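Only one chain comes next, encoded as C-alpha cells, the form predicted alone.
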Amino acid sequence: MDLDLYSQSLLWAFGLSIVFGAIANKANFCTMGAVSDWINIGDHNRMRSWLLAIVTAIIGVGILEYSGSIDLSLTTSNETSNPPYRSANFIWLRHLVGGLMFGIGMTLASGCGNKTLVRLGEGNMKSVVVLTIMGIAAWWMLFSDFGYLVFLQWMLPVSIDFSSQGIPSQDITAVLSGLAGIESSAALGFAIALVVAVPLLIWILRAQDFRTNLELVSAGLVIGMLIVIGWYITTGPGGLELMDELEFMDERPFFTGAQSLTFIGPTGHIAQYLKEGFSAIFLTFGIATVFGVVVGSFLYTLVFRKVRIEWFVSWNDFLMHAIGALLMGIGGVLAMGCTIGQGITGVSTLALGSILTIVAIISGSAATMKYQYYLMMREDD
C-alpha cells in the first residue's frame, strides 16, 4: 500500500536524521565543542566544520531557489514555514535574548540540542534528564501563554515590521532590495548567497590541517546537504503537492509547511504528542528528526562499540545541567531555533533573525566558558 504524502515526509525526515546522528557521532560534530576548542585551546577545526555546513546549506538553498526548485514561502491557508525564518516582522530582541539564553544553557548542559540527542544514542543517561527538562520548557513556550506573557509582550513593541516599508521578508536579499528601491529576484538572491558564502569558504579552506581532515570536511559537507535536502522535501514539488493535499483535510497535522532540520521546538512537540495520547495529528516532521538523530547515533555506537554510559558526578553537576536544559528549551524556542535549527537551517535562508541568533548563541556560550574558567582559577588560588 502506498504511503500518503505526509507519511512519506516523516520517513524522509527520519532517514535524513539517522544519517545526521551517525555523522555527528563519528565526527564529534558539536557547536559548543567548536566554541570550546576555539576559546580554550585556539583550535578552529571543528568551527570550520560547522561553518562548512552553513556554507554548503547557503549555496545549496541558493541554487534551488534560483532554479525554482523550491519555494521557502510554501504555505497552507493559515501556516507558514516552521519556524517562520523569513517573517517580515523582525523581532530582533527575541533572537538576541533567546540566543544568549541558549548559548549559556548549552554550555551549562555540556552540549546543544543535537549533541544531547547524539549522546542519548551513545547511552549517556545525563541526556535523558536534559532532554526531558528541555522538552517541557519548549512545550511551555509553544503550547501555553508562557512565552507571550513572559517575553514576547514586551519584545513586540520594539520589533521592526519590514512590511510597513513594503519589504515582504527579513532575508538579506529582500531587505537590501527594498532599501535600495530595486526589484528582488532569484538571481539577485543567489548572487547575495555567494557573496556571503564565498568569503567564509575561503577562510574555512585556508587551514591545511582542516583541509586534510577528511572526517571534519565530510561532516560539514554532508550535514549542510542534509539541511538542503530537508528543504527540498518540504518545499519542492512534493512539498507543493502535500500543501495542496493538506488544504482539503478536515484535521491537518500540526507544524507543517516549509521546514528542515531543527531540534529544540520538536522536543516540545514530543511533550505535546505524549499529552495528546500519541495522536497522529501531533506526529510532526520535527519529532521524526529527533528520533532519527538518536537512532543514527545509537546505530553508530552499536556498530563501533562506543557506548558511553555516564551519570552526574554530583548534585551540583545535576543542577547545572538542569538549568542549562531549562535555558535551552526556553531560549531555543524564543530564538526560533538552536545551533542547527537557526545556525544552519535558518542561516541557509539568509534571514536576519537567524544570523543574529547564532551570533548571540556563540557570544553567550563563549562568555559562559570564560566565566567558568575565571571561577576555576579563583578556586585554584
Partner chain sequence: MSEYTEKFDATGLNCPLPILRSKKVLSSMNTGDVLYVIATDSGSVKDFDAFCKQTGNQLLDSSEADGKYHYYIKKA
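The structure presented is a predicted model; accordingly, all values stated were derived computationally and were not measured. Positions refer to the first chain, counted from 1.
What comes next is about the form predicted in complex with the partner chain, which is not displayed.
- Of the stretches 157 to 165, 290 to 298, 105 to 113, 276 to 284, only 105 to 113 has residues with a heavy atom within 4.5 Å of the partner chain in the predicted complex.
- This chain is displayed alone, yet in the predicted complex one of Ala27, Ile59, Ile355, Ala322 has a heavy atom within 4.5 Å of the partner chain; that residue is Ala27.
- For the options Arg119, Arg86, Arg94, His269, the one in contact with the partner chain in the predicted complex, meaning a heavy atom within 4.5 Å, is Arg119.
- Among residues of the shown chain, Glu310 is one whose heavy atoms approach the partner chain to within 4.5 Å in the predicted complex.
- Using a 4.5 angstroms threshold between heavy atoms, Val19 stays clear of the partner chain in the predicted complex.
- Although the partner is absent here, Asn124 sits close enough that one of its heavy atoms falls within 4.5 Å of the partner chain in the predicted complex.
- Using a 4.5 angstroms limit between non-hydrogen atoms, Met369 touches the partner chain in the predicted complex.
- Residues of 18 to 47 lying near the partner chain in the predicted complex, listed in sequence order, are Lys26, Ala27, Asn28, Met32, Gly33, Ser36, Asp37, Asn40, Ile41, Gly42, Asp43, Arg46, the criterion being any heavy atom within 4.5 Å.
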